[in-house]
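In the block that follows, a single chain appears as C-alpha cells, in the form predicted on its own.
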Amino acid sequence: MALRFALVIEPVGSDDSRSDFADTFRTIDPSAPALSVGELSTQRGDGIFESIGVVDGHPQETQAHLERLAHSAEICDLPAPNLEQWRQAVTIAAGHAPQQGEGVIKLILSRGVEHGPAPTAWVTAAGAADNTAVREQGVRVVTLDRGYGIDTPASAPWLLLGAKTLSYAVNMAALREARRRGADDAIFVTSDGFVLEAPTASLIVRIDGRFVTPAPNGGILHGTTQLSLFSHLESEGFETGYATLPTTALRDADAAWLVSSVRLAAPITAIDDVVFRVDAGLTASMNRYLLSPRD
C-alpha cells in the first residue's frame, strides 16, 4: 500500500477558532525521510492514530474518526486536537486519495521529539488493498488471551486500554500467531473468559436474530464502522445491542463478522475450528451500505 500523499500538521490548540488552517500544513514527499531520530512515535510508539476509509474520493465517517482521535488523546494525556484543523487536513488528503475505488487516509498524532518540539502530527493518503476476497469468502479466526481480566481497564487506566495508540506490536504478533495456527485473524478474549475484539477490527455476532458487539467496558476500542453499521441495521428493522459476552456465547451465535474502516464487513467462517454459516446476502448488503458515501 504505497503512500500517494503526506501532509505535516503544525498542531494548534483545540480552542483556536480560525476558519482557515492552511498555513499550518506542509506537503512533503511521502517517500522521503521526514521524522527526527528523536521522534517518540518511532522510539516508543507514543502516539495515536486513525485510519479513515475512502470510497471514490469520499472520506467515510470523518466526524466519528476525529472524535475518537480526541478520545484517544485524552486517554493518553496528549494535547486535545483541534478537530477543524484535522478536518481540513482530511479534506486535502482526500483530494490525493484514489478518486475511483477505495483508499485510506491515516491521521497520526505523536507526543513529539524527546526534549524537543511537541507534539508532531501528519496525515497520509494511499490506495487500499483489495478486500473483495475476504468480504465475499470470509475469514477463519482463533481466540487468543489478551492477558488481562474484564475489570482491568477500570482499575489500571495507565495501560491505555481503549485508546487507538501506535503501540501495535502486540496486535501484529497476534495476527502472526493466528496464521501459525492456520487462521486468518484472531479475536482477543480476557483471561477470565470474556470476548473483546480483533487486533484490527470490531466483532459483531448474531445471536437469536439480534446483532451484538462486546460492550466497551473491557478496554475495547469503540468501532466507528460498527457504530455506523448498527445504525444501518436498526434502520432495516434489526435489533442491535452491547453485551459483556462470555467466550461460551460464541457457540450460541449463528453468524459473525469482523468489521473495520478499510476491510469493511468480513464474515467469519470459523472460530477455533467451530464452523459458522456465512450469510452471503446479508454480508453483501452490509458492504453495499459501507461502500456508500457516509459522513
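Quick caveat: nothing in here was measured; it's all calculated off a predicted structure. Counting begins at 1, following the sequence as shown.
One more form of this protein exists, namely the form predicted in complex with another copy of the chain; it is left out here, but the text below deals with it.
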| item | value |
| --- | --- |
| Another copy of the chain contact at residue 82 in the predicted complex, heavy atom, 4.5 Å | no |
| Residue 147, heavy atom within 4.5 angstroms of another copy of the chain in the predicted complex | yes |
| Proximity of residue 244 to another copy of the chain in the predicted complex, heavy atoms at 4.5 Å | no |
| is_contact(residue 77, another copy of the chain) in the predicted complex, heavy atom dist at most 4.5 Å | yes |
| Proximity to another copy of the chain in the predicted complex (heavy atom, within 4.5 Å), stretch among 95 to 103, 165 to 173, 208 to 216, 132 to 140 | 165 to 173 |
| Heavy atom within 4.5 Å of another copy of the chain in the predicted complex - the one residue of 231, 63, 27, 42 that qualifies | 42 |
| Sequence-ordered list of residues in 99 to 118 near another copy of the chain in the predicted complex, where near means a heavy atom within 4.5 Å | 106, 108, 111, 115 |
